[in-house]
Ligand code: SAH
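Only one chain comes next, encoded as structure tokens, the form predicted on its own.
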């Protein structure tokens, strides 16, 4: 699932040398990429660099990339051109670097298409980033880190946390699933898990530092295999993390259906700190398409896992990823996907048109569905899901939820919060509420968000609702 462009914030770096070199990181992609940029920033800051808000002011410019879809690589080279133009009038000594999946995918070709780039480094080589930076500092013109031969997870002593109340924590990197459409095994490397003891130790430290929500990350997070003698299962690790004193919420993403087992649902039931939300990508509702995708499960097996989630003692929201127009997808295949939406009743769907990716099995197949037809199918699916979300969100009206306030919109005078089930809710609020928890009663709903009012005894602290323009998104 795709996240918006995220820029690492440029608050003053602690203990950075006064004349330290300056860096700028721009990130596109999933939460894994966002967290990788936090760790890359930590490596840089530990070497005396300090972050800045604009590429024009930076000595080092990093673009941390995503290659899930075809346009991603094009966007990288466009951005590189913009970066070069931005620095042309100020300094000829800027260092440009491409990190992440496009770096791994395109390799040395990046140097040919963008000669001003000095560093190309895939995520599997991030543990060697200090050595690569040292080569740059010593004057090397072109430096590469593209090896996938690693058993290491990328860990840093200093991680630049861009959110003061939610912390991302990688527990497994890479993927062994080899889905025919997916480039991740070729860009992220094989699955490798962190020892449970180190994960729990870092979680406790994060709580001590004031973080109240932790999100466990992995390309296939529930494929976690504890390499330590403790041999904790993913479900057991969830419970151990959820039991840490002072932690209010634990999330995890992204799960793969092949490794989604009943004990995960049992853990969600047993530990209230674990959020009642599961993201379980299905990709297609057609068995024929699932076979060509090499997903490793059938529609029926996937629905068994959905039924297991629905049978939990607590209501658990479910979101998913869907690809339309995959190689050979017929009209009947697509209709089966639409029927799956009705059968499951997802709370949110991230949907995309298929685009062939290099270094994948399907990349050499005939892309048989015309682009115009892909577009029609995508619009049809999104409209069907919109109607489902309207009904599901309307069912929340009149109910109260604990929300974590994540943002404040000054023009509207409203707080933006998130429930444990991952629903966004807007309500009259104050900027100082960001990072706090409070109960909110839902008063109305749209397809993409809820509207509410504070339900505890602090209504008097909020601006009068009559002065606010609060609207459900969608």
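As the structure is a computational prediction, the values presented were derived from the model and not from experiment. Residue numbers count along the first chain shown, from 1.
There is another form of the same protein, the form predicted in complex with the named molecule; it is not shown, and what comes next is about it.
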Taking 181, 219 and 321 as the candidate spot, are all three within 4.5 angstroms of the named molecule in the predicted bound form by heavy atoms?
-> yes
With the partner left out of view, is residue 355 within 4.5 angstroms of the named molecule in the predicted bound form by any non-hydrogen atom?
-> yes
Give a yes/no on whether residue 281 approaches the named molecule to within 4.5 Å in the predicted bound form, heavy atoms considered.
-> yes
Residue 68: heavy atom within 4.5 Å of the named molecule in the predicted bound form?
-> yes
Using the partner position in the predicted bound form, report whether residue 256 sits within 4.5 Å of the named molecule, counting heavy atoms only.
-> yes
Heavy atoms within 4.5 Å of the named molecule in the predicted bound form: which stretch among 267-275, 203-211, 149-157, 355-363?
-> 355-363
Between the options 295, 166, 79, 299, which residue brings a heavy atom to within 4.5 Å of the named molecule in the predicted bound form?
-> 295
Within 384-398, which residues have a heavy atom closer than or equal to 4.5 Å from the named molecule in the predicted bound form?
-> none
